[in-house]
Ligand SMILES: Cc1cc2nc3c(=O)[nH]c(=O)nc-3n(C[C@H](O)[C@H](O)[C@H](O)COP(=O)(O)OP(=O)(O)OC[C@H]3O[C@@H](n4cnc5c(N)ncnc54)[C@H](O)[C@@H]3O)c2cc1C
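Below sits a lone chain in C-alpha cells, taken as the form predicted on its own.
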C-alpha cells in the first residue's frame, strides 16, 4: 500500500492544513479494514480525504489521513434496476464520463465535479432544481467500514436504522467504500445563461423556480443585473462544447482572476469591478448532454460560506442581502450564487424536511472575508438558515443542535459504531460531539 509520511496536506482553498503522521492510499476494502484495526490498536485517529474541497477543518488531522484515490471505479451498472455501484474514491467527473458512454447519468449534479462520491455524500453536496434532492438522495445503498473493522451494508432494507444517518455523516460513522446510486438515461439539455434586470427578475422568481428543471442565479453586489441560468430537456441534438468551455475558461477564470487581483490590491474597486462583471454577462444558449454541462472549472481560489433556508424566505433574504451590502459597503465583487433543492429526510441534510434555497457567499483569496461573512450569516440565521457542512460558518454545538433536530439520534449511532472516537478530529468534536 502506498504510504507517505510527514507530508504537509492542504485543502483546495488553502483555508486548512496539517502534517499527518501518515497519508495512506489503500486500494482495497481489505486494506482499509487493516488500517482501521491497526489505528485502533495504536490509539490513532483517522480522517478521510477526497478532493479536499471542504472549506472547513473536517479533514484536518495530525494522525492518519486516508485518501481513497486508489479505491475508485465502477463495479456494476444494472440497467434493469437503473443503478450503478461504484467505489468510494470515484470522482464525480469520472463517474459522469463512464456513465455517459453507457447512455446514463446522475439526475443532478453541482457546479463542480472533482469531488469523490464519498466526499460528496458525506458533506451533502447539491445541485439545483426543486424537483431534485441533494446528491445523497441518489443513494440506494452504502457500504462503510466501521471503527471495529466490520464491513457494513446500509440501505432501506439492510441495517435501515443507520441509513438516514450514514448518508451525510461527515465521515464519523465509518469509511464509505462503496455506493449504489440511482441513475437515469442521459438527457439532452438546453442550457441558457442571460442577464436580467433585478426588479423584473424578482417579480418572476417563483416562475423561474417552478418552470425550469434546473435554475440558478447570481446576484452581483452593487448592481441591478442578475445572471440567470436554466437547464431544460430538449429534443435538439447536442453540440460540441469546445468554444463554450474555452469562453468560460477565459472569462470566468483567467479574466476574473485578473479582476480579482485588482480588487485584492485596491479593495475600493470592488464595487466597480462587480458592476463591470455584471454588465459583461451575455446571452448564451447551448445544447449538450447532462453530465457535460452541469459543472464548470473553478480556477480562481476563494473562501466560501453557504447557507440553506426554507424556500419561502428566498425573496426576503436576497432583498436583505442586497440592502446590507449596499449599506455596509462590503468590499466584495464575487457574485452570490443562489440555488434550490427539494426537501428530504436525511438527518444531517440542510434541506431536511423543507424545500430549500441555498445561498452561497464567496470572497477572493487574500481579501478580508470575516466581517462580510458575519453579516451574511446573521441574515441567514434570521431566516432559519442551516450551514452547508463543507463550507465556512461560525456555528457551535448549541446552534447546530437547534438547526438539526436529529442530532441527538445521530450522536447515539455514532457512539454505537465508534465508541473510541477513531473517526473524530478536534474540529468535529468542537461542533457536534456532545461529551
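Everything numeric here is computed off the predicted structure, so don't read it as measured data. Positions refer to the first chain, counted from 1.
One more form of this protein exists, namely the form predicted together with the named molecule; it is left out here, but the text below deals with it.
- Residue contact with the named molecule in the model of the complex: residue 54 places a heavy atom within 4.5 Å of it.
- When contacts are judged by a 4.5 Å heavy atom cut-off, residue 356 does not count as touching the named molecule in the model of the complex.
- Proximity of residue 48 to the named molecule in the model of the complex falls within the 4.5 Å heavy atom cutoff.
- Looking at residue 252, you'd find every heavy atom of it more than 4.5 angstroms from the named molecule in the model of the complex.
- With the partner omitted from this view, the residue of 279, 298, 239, 264 that lies near the named molecule in the model of the complex is 298 [heavy atom within 4.5 Å].
- When the named molecule is considered in the model of the complex, only one residue from 274, 123, 351, 290 comes within 4.5 Å through any heavy atom, namely 123.
- Shown alone, this chain has one stretch from 406-414, 367-375, 54-62, 35-43 that lies within 4.5 Å of the named molecule in the model of the complex by heavy atoms: 54-62.
- Proximity to the named molecule in the model of the complex holds for none of 168, 310 and 386, with the criterion being a heavy atom within 4.5 Å.
- Residues of 1-31 placing a heavy atom within 4.5 Å of the named molecule in the model of the complex: 12 alone.
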